[in-house]
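Before any questions on how it binds or moves, here is one chain, the form predicted alone, in structure tokens.
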Amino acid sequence: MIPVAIIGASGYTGLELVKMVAQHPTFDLVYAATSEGETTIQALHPSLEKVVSMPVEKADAQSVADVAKIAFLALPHKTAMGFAAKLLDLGVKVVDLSADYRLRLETYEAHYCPHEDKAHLHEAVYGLPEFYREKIEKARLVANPGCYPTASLLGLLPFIPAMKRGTPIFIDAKSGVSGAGKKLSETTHYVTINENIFAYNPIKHRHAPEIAEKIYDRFEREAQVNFVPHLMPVTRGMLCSIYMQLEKEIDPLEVLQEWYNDEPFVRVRQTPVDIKSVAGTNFCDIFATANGTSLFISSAIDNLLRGASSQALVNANIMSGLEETLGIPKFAYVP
């Protein structure tokens, strides 16, 4: 068994990690922590009563290193990098679910805050397995992508070689409310979101430069990414509608099949996708169609799983030399 720790066990992504790791055939959950500690996992998450029982400690890097080989950090940005740096120096492998290691230094500091762990930033591997699997295998620090970049990039990347140069990309992305986390706000208040849907931070959202950066890293192509996120009145799920221009006419589904035919967690669909078919799973469902050289891509994921926790577990499997599908949920919450 491989001992693992979860730091930030009180949130939604922390809960999903606990649920999956507790059932994993090779990983052993030996340490769970929050910034306060002094509680139990079943007290934090009453749904785990008589399922998982363990203390929740106050997060301490040395205590993690004493018992675990891999740590999942389900912490906010800025907080995560301080803790990750200590763990890495103590020899613990890290899967970080925050944004702290996803971006180049100049991009990160332009859209988040001053970076406090430049020493380790250079070794971080972007944790999108379909495109970085070989690097993840050798990594000791994986920057787990968030839900919006995951759904967007999995839909976009196969078509970047065919994109017409100099034309913009438009991404209309809609997320369930759980993507905002547990912290209360006016935006996520029941009265605001119930029977409602709205955009927030349109065009200026900080995931746009992340998506553009990864396009360039993979294909050395500059891309103008126009990203518009929306909040919709569902608990979990994400749907991305992506629009771009092509150099010439192609068969979009054929392109997707060529890229993803052997990928265990991408399903190429023949009709536009929906969020219910991926809820509770690590799958990304993708559909694409074209009108001449105008391309439409439709992708769907579970924002808490493929967009966070189950993708983190896939990355930990790969880092540990395990079969990447081990312990990863595949059955959707249907009906």
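As the structure is a prediction and not an experimental result, all values here were calculated from the model. Numbering starts at 1 and follows the sequence shown.
The same protein also exists as the form predicted together with a further copy of the same chain; that form is not shown, yet it is the one meant from here on.
- With respect to a further copy of the same chain in the predicted complex, the three residues 22, 188 and 239 uniformly fall within 4.5 angstroms at the level of their nearest heavy atom.
- Although the partner is absent from this view, residue 216 stays clear of a further copy of the same chain in the predicted complex, with no non-hydrogen atom inside 4.5 angstroms.
- Proximity of residue 254 to a further copy of the same chain in the predicted complex falls outside the 4.5 Å heavy atom cutoff.
- Among residues of the shown chain, residue 98 is not one whose heavy atoms approach a further copy of the same chain to within 4.5 Å in the predicted complex.
- Residue contact check for residue 243: one or more of its heavy atoms lie within 4.5 Å of a further copy of the same chain in the predicted complex.
- Interface residue among 61, 30, 48, 70, judged by heavy atoms within 4.5 Å of a further copy of the same chain in the predicted complex: 48.
- Interface residue among 88, 177, 80, 125, judged by heavy atoms within 4.5 Å of a further copy of the same chain in the predicted complex: 177.
- Partner proximity in the predicted complex, defined as non-hydrogen atoms within 4.5 angstroms of a further copy of the same chain, places exactly one of 110 to 118, 141 to 149, 163 to 171, 90 to 98 at the interface: 163 to 171.
- Taking a further copy of the same chain as positioned in the predicted complex, the residues of 240 to 277 that bring a heavy atom within 4.5 Å of it are, in sequence order, 241, 243, 244, 245, 260, 261, 263, 264, 266, 267, 269, 272, 273, 274, 275, 276, 277.
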